[in-house]
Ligand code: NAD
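Just the one chain here, laid out as structure tokens, in the form predicted on its own.
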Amino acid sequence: MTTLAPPATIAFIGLGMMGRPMAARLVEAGFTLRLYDLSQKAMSDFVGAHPSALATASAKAAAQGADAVVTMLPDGKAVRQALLEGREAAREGLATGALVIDMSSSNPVDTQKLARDLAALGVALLDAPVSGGVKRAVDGSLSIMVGGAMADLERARPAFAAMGKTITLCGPAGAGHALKALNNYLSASGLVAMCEALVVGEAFGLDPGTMVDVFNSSTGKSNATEVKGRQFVVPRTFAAGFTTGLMAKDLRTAAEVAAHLDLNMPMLKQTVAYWADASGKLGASADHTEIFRYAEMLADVQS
């Protein structure tokens, strides 16, 4: 098996908010990209900015002649459709020995089945979801959580290095997706806690900026206080680049993993319900830092 190093050909499927900058990093690193997205505009805009990339008519066409396929799609169902079940699925163009890298946030139990189905075709799978948001996708400093075989990770390492700074093998197939869901559970919980603290503090007369500064020099420090407090919540810009709907989806995935293992996780269940209701009230496309507005809504309801 050859290492996935430039100028190897990568089929990149999914040019959404995160997919675009990740694909751009691969082009800039010297990889040859074959693109597919349901949006023709997304492909034409990308090729306009990166003329060496080739837009294709289907996942199958993108996969033809590719050394690897990278998927960056909304969920595991969309990934499976693009790879195996669609009329023009990538499986029709995949060569034996090719590598599939699912960088979406998918259900890890489904990922395990996908790995088995691809293995039957002679194709290896790495699940490699990312953390860091759009800003870190743009500068190539994402954290990449990998599930699969070490040998396949080493094959893919040059491609991962173009997109991320921290690359961690978490375990066998599905492990990356499981850890991503659990990571987002911690992230979502911390963000809610910070927002509720700010709502209470402001009502008491505290300055929100001062509060965040104190959190960051005290035991309340978290990713929410360091990365989202003064940047997006205090100024109410709410532009972190990750939606409330996607956070709610990742939390459901974490809860599904717990349920699959017959584990009762009360706080996880409450967090899922909190974000599901927030997504309904704010709209699934709202930035996830707008959870602060939802916390304010609840405070008003209870007052």
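When you see a residue number, it is the position in the sequence shown, counting from 1. Computed from a prediction, not measured in an experiment: that's the story for all the values here.
Keep in mind that the form predicted in complex with this ligand is missing from the display, and what follows is about it.
Only one of 211 to 219, 163 to 171, 146 to 154, 102 to 110 gets a heavy atom within 4.5 Å of this ligand in the predicted bound form; which is it?
Going by heavy atoms within 4.5 Å, the stretch is 102 to 110.
Would you classify residue 134 as touching this ligand in the predicted bound form, given a 4.5 Å non-hydrogen atom cut-off?
Contact with this ligand, yes.
At 4.5 Å between heavy atoms, is residue 275 in contact with this ligand in the predicted bound form?
It does not: once this ligand is placed as it appears in the predicted bound form, residue 275 has no heavy atom within 4.5 Å of it.
Can you check whether residue 193 is within 4.5 Å of this ligand in the predicted bound form, heavy atom basis?
No, residue 193 stays farther than 4.5 Å from this ligand in the predicted bound form.
Is residue 72 close enough to this ligand in the predicted bound form to count, meaning some heavy atom within 4.5 Å?
Output for residue 72 is yes: heavy atoms within 4.5 Å of this ligand.
With the distance limit set at 4.5 angstroms and only heavy atoms considered, check whether 16, 38 and 180 all reach this ligand in the predicted bound form.
Verified in the predicted bound form; spot residues all in contact, yes.
If you look in the predicted bound form, which residues in 234 to 250 sit within 4.5 Å of this ligand (heavy atoms)?
Residues within 4.5 Å: 241, 242, 246, 249, 250.
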